[in-house]
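Quick setup: the C-alpha cells below cover two forms of a single protein chain, split into structure 1 and structure 2.
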Structure 1
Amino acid sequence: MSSLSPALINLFYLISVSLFIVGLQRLSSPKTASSGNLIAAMGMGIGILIALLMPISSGDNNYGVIAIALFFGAAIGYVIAGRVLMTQMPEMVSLFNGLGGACALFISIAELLNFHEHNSIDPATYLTTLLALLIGSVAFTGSLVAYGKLAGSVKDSWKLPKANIFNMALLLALISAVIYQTQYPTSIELVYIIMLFALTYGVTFVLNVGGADMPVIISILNALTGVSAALAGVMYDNKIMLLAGILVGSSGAILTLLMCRAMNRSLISVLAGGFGGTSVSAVQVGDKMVKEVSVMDASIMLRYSQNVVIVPGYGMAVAQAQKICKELEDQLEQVAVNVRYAIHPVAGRMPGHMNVLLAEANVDYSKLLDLEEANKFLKDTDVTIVVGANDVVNPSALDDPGSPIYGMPILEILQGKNVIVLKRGMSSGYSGIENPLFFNEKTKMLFGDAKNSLISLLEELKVISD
C-alpha cells in the first residue's frame, strides 16, 4: 500500500482534530447535535485511515488481521447499537465505554510487555504507559459495573463495608505501586499486580455509588477513557489520540459537574455513595391516609377536564409506558381535552431520559413543557397524571428545609386542581425519602404498574367517550 508523505499526514491530523472539535461543539446545541455526531465520526474515520496508511518503522503491517478485527468490531457495534431499546441507552453507552477502556488496557499491556522484552525502558514513556494501563483498567471494570447496575443485574445493596476507606487505601496502594515500578522497572510482575488492583478499584469504586447516580459515573468513566486514550497518544506520539482524548477528558469532567448541578448535589456526595439506593423505608406512612381512586372515576375526571398534564418519571421508563401515554393523549385530544407533558430536567435516570422516551413514542415536541413553562401551565390544570414520577414532584423540596432534596426545583403540581398518581405501591423514589404529595388532599392514588393502569384508563375512556 502506498505510504503517505509526512506533510500530508500532518495535514490530515489537523483536519481530523478539527473535525472532533467542531463535532463536540455542535453536539452541545440541540439544533446542530445530529450533524455534530456525524462530523465527529468523520474525524474518527480520517484518524483511522491515517493510522492504516502512515509509514511505520518496523513490523509486518498485518493488514489481514486488522481488516478482520475491524470488520467484526464494526459489525458487532452496529448491530448492538441498532437493536438496543431507547430505554437501555445509558447502559449501552456504559458498555461501549468499558470496551474503549479495555482497548486502552490491552494496548498498554502489550507495549509494557514489549518494553520489558526488549529491555528498552525510557522512564517517561514507561510511566505514561503504566498510567494508560491503570486508567484504562478502571474505566473498563467501572463501566461494566455501571452497566450492570443500570441493567439491574448488579444490585445497589452489594456494597463493601467501609467502602470509602477501602477505596482510598486501594488508590494509595495503586499510586505507590506505579511510582515504585517507574523507578525500578525490573520485573513485569508488579505491572500485573497494578492491573489487577486497578481492575478491582474500578469495581469497588462504582459499586459504592447509588444505581441512580450512574449517569454521573458514566460521564466520569468516559472522561477516564479519554485520558487513557490521550496517554496512549503520547506513547505512540499520535496527535489525534492525544488531543481528542484530552478533549473528551476535559469535556467529560465539566459534563460531570453540570450533571451534579442539575441534580442539586455535589460530586463528592455522589462519589461517597450519598443517597441513591439507600432506600429509607417509609415508616411513617402507617399513620397517614392516602386516597385511592378507581379507574372509572379517574377516567371520568380526565374526560371532563379542559387541561390535563402528564408528569412522566422513572416509573414510566420501568413500565415502558411511553407509547400508551401517547395513545391516552390522542384519545383525550379527540374529545377536546388539552394534554401537555411536564418534563423535569432530571426525571428518570439520565438527563433527557423522558424526552428520548416520549420522542420515541412520537409525542409532539411542542407538547413537552420544560420546568418553567410547566409550572406556569400547572396553574390552569384540571388533572395532573403522575406516571411513575416521585422525587421530581416532591413538595418537601419547596417547604421542608430538613429534606435532603430541599432546594431542588420541582414540578409544582399542587398548583393544579387534582392529582392522580400512578405507581405500584408506596415505596419511595430515587432519593429514598417520603413524599408528602401522596397524602395531600388533592391527590388520589391509582396503584399498579403504570402501563397496566394506563391501559385500563384508556379502555375506560374509549367506552365513556363513545
Structure 2
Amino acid sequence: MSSLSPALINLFYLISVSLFIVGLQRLSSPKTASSGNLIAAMGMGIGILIALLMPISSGDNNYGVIAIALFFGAAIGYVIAGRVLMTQMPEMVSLFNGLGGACALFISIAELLNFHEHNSIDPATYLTTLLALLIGSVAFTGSLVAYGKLAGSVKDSWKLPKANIFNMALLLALISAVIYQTQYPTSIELVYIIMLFALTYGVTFVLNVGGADMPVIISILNALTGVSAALAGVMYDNKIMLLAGILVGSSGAILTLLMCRAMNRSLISVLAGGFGGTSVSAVQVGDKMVKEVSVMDASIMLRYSQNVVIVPGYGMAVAQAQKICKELEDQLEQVAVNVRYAIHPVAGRMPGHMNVLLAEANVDYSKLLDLEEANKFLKDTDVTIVVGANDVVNPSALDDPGSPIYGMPILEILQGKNVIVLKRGMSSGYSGIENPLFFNEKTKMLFGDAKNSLISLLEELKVISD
C-alpha cells in the first residue's frame, strides 16, 4: 500500500477535522443528530484511512493485523449497537467510553515499553505518555463502574469509607509518582505501579458517586477519554487524534459544567458523592394521604384542557413509553389541546437521554421545552403529566433547606392547575429522596406501568372524543 504525500495528508486531515466539527454541531439538535453522527463517522473513517497511508520510517507495516482488528471491532460494534435497547443506551455509552480509555492505556504502555527498550527518552514525550496512561486508566475503570451502576450490578450502597481522604491521597501519590518517573525514568516497574494505582483510582473515583449524579459523571469520564485521546495524538504526532480528542474533551467539560449548574451543585460536591442511593430528605410525610385518579377521570381532565405538559423521566425509558406519549399527543391535538414536553437537563441517566427517546418517537423538536422555557409555559398549564420522573420535579428543591437537592433548579410543575403522576408505587426516585409532590393537593396519582397507563388513557380519550 503506497504512502501519500505530506500535502495530501494535510488536506485529508483538514477534511476529517471539518467533518468532526460539523458532526458535533449537528449533534446539538435531535432533528440533525442522526446525520451529525454519520458525518462524524465519515470523518473518523477518513482519519483511520490516512493513518494507514502515512509514511512509515521503518518501512515495516502490520496491515494484516490491522485489517483483522478493524473487522472484528466493526463487527462487535455493529452487533452491540443493533441489539441494545434505548433503555440501555446510557450503559452502552459508558462501556464504549471505557473502551476509549482502554485504548489510550494500551498504546501508552506500548510506547513506554518502547522508550525503555531503546533507552531513548525525551522528557516531554515521556511525560505526555505517562499522562495518557494515567488518564486513560482512570477513564477505563471509572466507566466500567459507571456501567455497573447504571445496569444495577454495582449497588449505590457499596461505599468506600472515608472515600474523599483516600481518593485525595491516591491522586497525590499518582501525581508524585508521575513527576518522579519523568525525572528519573530508570525503571519500568514504577510505570506498572502508576497504572495499577490509576486503575484503582478510576474505581474509587466513581464508586461513591450517588445515582442522581451519574449523568454528570458520564460527562466527566467522556471528557477524560477525550483528553487521553488528545495526548495519544501528541505521542504519535497525529493531528486527527489530537484535534478529535480536544473536541471530545472540551465539549465533555462544558457539558459537565452546564449540568452542574442545572443541579446547582459544584463539581467538587458531585465528585465527593453523598447525593443519591441512600440519601433521604428532611421532609416528614407521616400519615399524609395521596389522591388516586381513575383512567376515566384523568382522560376527562386531559380532554377538556387547553395546555398539557408531559414531563418524561427514566421511568418512561424503562417502560418504553415514548411512542405512546407521541400517540397521546397526537390524539390530544386532534381535539385542539396544546401539548408540550418539559425536559430537565439531568432527566434520565445520561445527558440528552429524554431528547433521544422522544426523537426516536418522532416528537417534533419544537415541542421540547428546556428548563427555563418549560417553567414559563407551566404557569398556563391545565394538566401536567409526570411519566416516571421524580427528582427533577421534587418541590423540596425550592422550600426544604434540609433536602440534599435544596437549591437545585427543577421543573416547577405545581405552577400549573393539576398534576397527574404516572408511577408504579410510592418508592422514591433514583436519588432515594422522598418527594412531597405526591401528597400535594394539586397532585393525583395514576398507579401502574407507565406504558399501560398511557395506553389506557389513549383508549379512553378516543372514546370521549368520538
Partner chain sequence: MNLIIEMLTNNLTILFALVMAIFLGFELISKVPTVLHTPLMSGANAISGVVIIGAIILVRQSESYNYVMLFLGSLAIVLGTINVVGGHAVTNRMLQMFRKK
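Values in this document were obtained by computation on a predicted structure and should not be read as measured data. Superpose the two forms; the largest set of C-alphas matching within 1.5 Å is the rigid core. Here, residue number means position along structure 1's sequence, counting from 1.
Structure 2 derives from the form predicted on its own, whereas structure 1 comes from the other one. Taking the rigid core as fixed, one finds a CA shift for Tyr13 smaller than 2 Å between structure 1 and structure 2. With the core held fixed, Asn114 shows a CA shift below 2 Å between structure 1 and structure 2. Relative to the superposed core, Tyr78 undergoes a Cα shift smaller than 2 Å between structure 1 and structure 2. Structural comparison between structure 1 and structure 2 after rigid-core fitting shows the C-alpha of Ala298 displaced 8.3 Å. For Tyr406, the Cα shift between structure 1 and structure 2 is 3.9 Å when the rigid core is held fixed in the overlay.
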